[in-house]
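Starting off, we have a lone chain in the form predicted alone, written out as structure tokens.
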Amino acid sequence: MSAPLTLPDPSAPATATPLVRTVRIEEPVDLLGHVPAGVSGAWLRHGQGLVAVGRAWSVRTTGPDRFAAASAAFRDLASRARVDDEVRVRTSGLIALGSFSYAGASERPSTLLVPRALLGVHDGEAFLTVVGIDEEPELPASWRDLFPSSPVDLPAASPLELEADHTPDEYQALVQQAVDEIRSGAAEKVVLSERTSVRTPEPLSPALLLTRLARAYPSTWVYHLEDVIGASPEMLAQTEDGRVFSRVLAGSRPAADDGELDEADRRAFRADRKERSEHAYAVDSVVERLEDLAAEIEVSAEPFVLRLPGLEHLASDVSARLHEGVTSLDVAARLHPSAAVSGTPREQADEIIARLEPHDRGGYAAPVGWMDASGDGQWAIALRMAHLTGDRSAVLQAGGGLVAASDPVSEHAEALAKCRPMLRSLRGDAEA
């Protein structure tokens, strides 16, 4: 097991004092219309959220204690912060955006970042936050100076070049191997994933990818930080006023042509024993791991169907009252990896994943989101995502939960369907 490593931003000394100022923007702001070419991070849903530029402070951590090390560094910074916030809404003031790696042994560091500037919209109220380190932050003459209009969207000039890690037969054989291990008693559920490398004809623009994703999938949490970008339907841990909310997705059914299932197929989906079994493992894993952090845990009486273009999921909502002093990142660290992205039991499932998946998962299926100075925040699971690996290259990753009744061909189709959001955003049109 590797030792934790904390790498603070060398430009910000250990005793740095962040000076934070948030001012109200009196005019309405179309947040998706102001994702600048130099965007350094984003968190978007239903036209609201945060768009970031620059880096005032950051910390990078590795190892099994990466969550605790990052959280401690940010809490230390927040204890010294001087904040002038005239808006005082959920995402104003001192905010850190974060992206963590799936495994403690990952070569990819986990990151918390405080941007130089944030453009935010919350419940229809727009605001600008600027941050200085050991100096007063300078407000621009207009917020548009920092957040000009989003780049003009143009269709791709030529097709993408796609190359999966495995042929269909190879990936289905891996699925069958995992199912055989489940049937032998090595685990009850395993979540296996596949990677697809993409080469693009034009340089990649995170700003364009974000706006395409947010407009096409408004009900998902659209995110970007460092090398990860995507549109996740799954909220791992959201905390506010002493309560935590988690949305669990497990059990999926593709729908043709980005449409929806018909009612007969949806009823069959909800009643499917394999899908219900997979879903129950995921819900139980969240409830069990919350028990030490929270009380009064409540779970949806029955799974409901969450409808997204081309894919529907069984979903359950879990909520609870947090114990005093527990932060959103504490909850995310305890829940990760949930059975929805790892399996049951977690240790056995992760061991099977490590043997069958040839590459480090990096930021895939790991917590991504934001946290404020009090510890409240939102952490989704980095799904429907890509790692941006170069000026014209990205690696998509998607998978599905396997139980004893899983069919390799259906599971492969599900993994392909979960790549559609990123493929559509990379192409810049409706083709997928």
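Remember, predicted model here, so these are calculated numbers, not experimental data. Note that residue numbering follows the sequence shown and begins at 1.
What comes next is about the form predicted together with a small molecule, which is not displayed.
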item: Candidate stretches 391 to 399, 51 to 59, 367 to 375, 32 to 40 - the one whose heavy atoms come within 4.5 Å of the small molecule in the predicted bound form; value: 391 to 399
item: Residue among L249, L209, L113, V121 with a heavy atom within 4.5 Å of the small molecule in the predicted bound form; value: L249
item: Candidate from V222, V191, L335, V283 lying within 4.5 Å of the small molecule in the predicted bound form - any heavy atom; value: V191
item: L44, heavy atom within 4.5 angstroms of the small molecule in the predicted bound form; value: no
item: In the predicted bound form, R66 touching the small molecule (heavy atom, 4.5 Å); value: no
item: Contact test in the predicted bound form: L383 vs the small molecule, heavy atoms, 4.5 Å; value: yes
item: Contact of H313 with the small molecule in the predicted bound form (heavy atom, 4.5 Å); value: yes
